[in-house]
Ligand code: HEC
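Before any questions on binding or motion, here is one chain by itself as structure tokens, the form predicted alone.
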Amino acid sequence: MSRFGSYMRDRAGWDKYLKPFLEKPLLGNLDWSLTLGSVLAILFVVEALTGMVLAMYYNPSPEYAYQSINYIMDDVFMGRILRGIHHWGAGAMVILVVIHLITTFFYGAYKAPREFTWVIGVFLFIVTLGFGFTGYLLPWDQKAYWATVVGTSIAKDVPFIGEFITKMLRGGAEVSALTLTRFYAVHMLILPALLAVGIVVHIYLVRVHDIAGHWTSEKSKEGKTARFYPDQVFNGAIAFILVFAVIILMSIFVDPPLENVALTPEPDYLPRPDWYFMWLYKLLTFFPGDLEFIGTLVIPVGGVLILFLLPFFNRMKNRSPADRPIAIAVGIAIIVGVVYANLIGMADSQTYGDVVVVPDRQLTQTEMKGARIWVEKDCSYCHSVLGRGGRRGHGPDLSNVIAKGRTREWLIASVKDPQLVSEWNIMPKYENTEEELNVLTDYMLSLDLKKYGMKIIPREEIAKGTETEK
């Protein structure tokens, strides 16, 4: 056995090449955040293996894609858990790669001589997001279809070649069967190859230039005996087991979301991407009309370029936050901005208008008609009442109408021509008859909830003209 082991070590070049590479001493003061790279590499292997199994049952065509997902979930042995591992594992990869980039930035680990280690890390971050973008089309449900329509439309803002890029992504003018097969090929063949090569190069550069570690590590590397193998590998394995345990629990108890099949008629359906693209989705609303290209092109592309060029902006080797106050402040501001945009984007994507708030008394005939106009005109898209029934924050809460002493004339004028009442009002003009304006105003003036209390009525009952308390 020892002769066979010696034979294999010799043929693999263990003593001459692999052992020195793996057992190279590490810097001191390493913490658990530095296991993120190892966890991400193993998670990629998990995603690749589960993806291979899922591909055996998946049919990348609009006719059968949705049905094949249901077949995997309902009929394949452990298919529900398998898809759960793949879905929640993908989300974990996005979270961890973002945290990995953030910790590397705050540790200043992108500085010389690790500039290209950082550049490859940013490339891996982009590829990971590419997995998410191509992957959520594959179930071919409503979210997959419409989010892809919106996502691929962003490319149209690229000067001169925008239309070409959009058609290349979609395989034509519209999201269709060609888009699905194209995204499937990219998701299964191109992106895994890019990520695998990137991981190998990244690990090689990490071993050549060492793990930067905490910003105090450079001062404390003498006398340290920790090694990449087995010390760092062991820590990485422990971290991966903890992450994978969470993924398994999510897979057992929480099914991956699956909406109605794509192109199901849903007039009030709100297109929205997965949570990790929600900040970009919200960013688009900040730059309407001719300024949309700022949100779709300038800020995202500019941000990616800054990430790639970050190590070359400042050649000073000082990594302590005290030596980089401006960089740290800008980094914190960007993180807070993205998180905030993501949160309000997720809040905006929630369902709304399922219920209507009315005073806790019998409504008059005109007040009931006004509530019905409220539903028909989809007023809850911007307005809520005591925070209920609408998309909070887009327009004034109408429970303030009575408290602010608004008159019938003021309310009618505000709905009829908002900018005439206030030039700062962002509410657009709507076509309404005089009768609609009057009964809608009656409904708004009925909302004296301090006097009467509040009652919640389902939207369907209002639309039918009934008033059954829920």
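In this text, residue numbers run from 1 along the sequence as written. Keep in mind the model is a prediction, meaning the values are calculated, not measured. Take the two forms, find the largest set of C-alpha atoms that superpose within 1.5 Å, and that set is the rigid core.
Heads up, the form predicted in complex with the named molecule isn't pictured, but that's what we're talking about next.
Only one of 39-47, 65-73, 410-418, 52-60 lies within 4.5 Å of the named molecule in the model of the complex by heavy atoms, and it is 410-418. A single residue from the set Gly171, Gly162, Pro396, Pro230 has any heavy atom within 4.5 angstroms of the named molecule in the model of the complex; that residue is Pro396.
Residue Asp378 is the only one of Asp378, Glu115, Asp323, Asp360 with a heavy atom lying within 4.5 Å of the named molecule in the model of the complex. Taking the partner from the other structure, the named molecule in the model of the complex has a heavy atom within 4.5 Å of a heavy atom of Val401. Using a 4.5 angstroms limit between non-hydrogen atoms, Ser422 touches the named molecule in the model of the complex.
None of the heavy atoms of Leu34 is located within 4.5 Å of the named molecule in the model of the complex. The shortest heavy atom separation between His383 and the named molecule in the model of the complex is within 4.5 Å. Although the partner is absent from the chain shown here, none of Leu447, Leu449 and Ile462 has a heavy atom within 4.5 Å of the named molecule in the model of the complex. Interface residues of 425-439, taken as those with a heavy atom within 4.5 Å of the named molecule in the model of the complex (partner not displayed): Asn425, Ile426, Met427, Pro428, Tyr430, in sequence order. Relative to the superposed core, Ser384 undergoes a Cα shift of 2 Å or more between this form and the one not shown.
With the core superposed, Ser68 shows a C-alpha displacement below 2 Å between this form and the one not shown. Positional change of Gly370 between this form and the one not shown reaches 2 Å or more at the C-alpha, relative to the superposed core. Shown here is a form in which the CA atoms of Glu259 and Val375 lie at least 3 Å closer together than they do in the model of the complex.
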